[in-house]
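There is one chain below, alone, in structure tokens, taken in the form predicted alone.
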């Protein structure tokens, strides 16, 4: 009788344990939503260096990035500081949850602000291996996500998630490796309809700044051309009190 009672307790404990484990498991959608919504401060002011390598030649661009908000409420303003022929070029984006993002490009030589059409979001961002959508970000709910497993990357446990676009995109599918401790995406591979690799993204340097996990260097490699773009955050400051007036066409045309 005592043995049967102990057995029942053991079975019940196992059931509770399995139930807890199952409830704690995240779906692919939950992982990517947490990655999108991770804490990045109210705003950001950064100095950035972009190195674009193509056909054996390298071009270095320096810029200032200002951001307010995150995910689909994010606004980003980028001004190029160098090289000399690109100084003053500006890029402004307003993210929207329920419609296409608004994007503007400023060319100081022509003193003209050009609105970037929604279809151009898949175009190269100033000759780099990143697209306009890569820079502005893509909403997690625009893709269908499936958790395919777990893997260790650079000694850190990661979720592995396959994503398939619900709408038209530059890729047919992508696989992301998301760190469990911070929900930072540390690697992504993009594929076409035939399963051929298009490009690979990696977060090469990750550290905490003001208590927030921050990517300090990232790389996009183009499998088709062999080119790559490395972006380095030379300085990062969060919660600097940027106002709404910064993210306007008027400010976009200001000399950096």
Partner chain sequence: MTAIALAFALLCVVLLGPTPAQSTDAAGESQVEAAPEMTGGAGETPSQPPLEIHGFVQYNAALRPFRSGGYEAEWLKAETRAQLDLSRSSPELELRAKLDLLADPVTDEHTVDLREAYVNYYGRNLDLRIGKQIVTWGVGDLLFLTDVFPKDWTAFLTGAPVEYLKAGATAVRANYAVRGVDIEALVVPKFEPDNFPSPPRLAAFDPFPAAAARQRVLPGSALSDREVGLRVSRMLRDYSTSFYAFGGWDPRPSFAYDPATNTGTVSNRRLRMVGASTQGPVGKNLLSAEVAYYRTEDTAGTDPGTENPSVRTLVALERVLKDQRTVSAQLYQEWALKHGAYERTLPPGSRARDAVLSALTLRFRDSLRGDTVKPTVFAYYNFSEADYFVQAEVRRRLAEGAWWTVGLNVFGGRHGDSLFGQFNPNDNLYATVRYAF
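Numbering follows the first chain given and starts at 1. Bear in mind the structure is a predicted one, so any value in this text is a computation, not a measurement.
Absent from the display: the form predicted together with the partner chain. The rest refers to it.
This chain lacks the partner; the member of 221, 189, 34, 64 within 4.5 angstroms of the partner chain in the model of the complex by a non-hydrogen atom is 64.
Comparing 191-199, 53-61, 204-212, 224-232 against the partner chain in the model of the complex, the single stretch with non-hydrogen atoms within 4.5 angstroms of it is 53-61.
The partner chain in the model of the complex comes within 4.5 Å of no heavy atom belonging to residue 153. Taking the partner from the other structure, the partner chain in the model of the complex has a heavy atom within 4.5 Å of a heavy atom of residue 115. Put simply, residue 149 is far from the partner chain in the model of the complex: not one heavy atom of it is within 4.5 Å.
Contact annotation for residue 127: at least one heavy atom lies within 4.5 Å of the partner chain in the model of the complex. Three-residue candidate spot 42, 135 and 169; no residue lies within 4.5 angstroms of the partner chain in the model of the complex by any non-hydrogen atom. Along 233-256, residues 235, 237, 240, 241, 242, 246, 249, 250, 251, 253, 254, 256 each place a heavy atom within 4.5 Å of the partner chain in the model of the complex.
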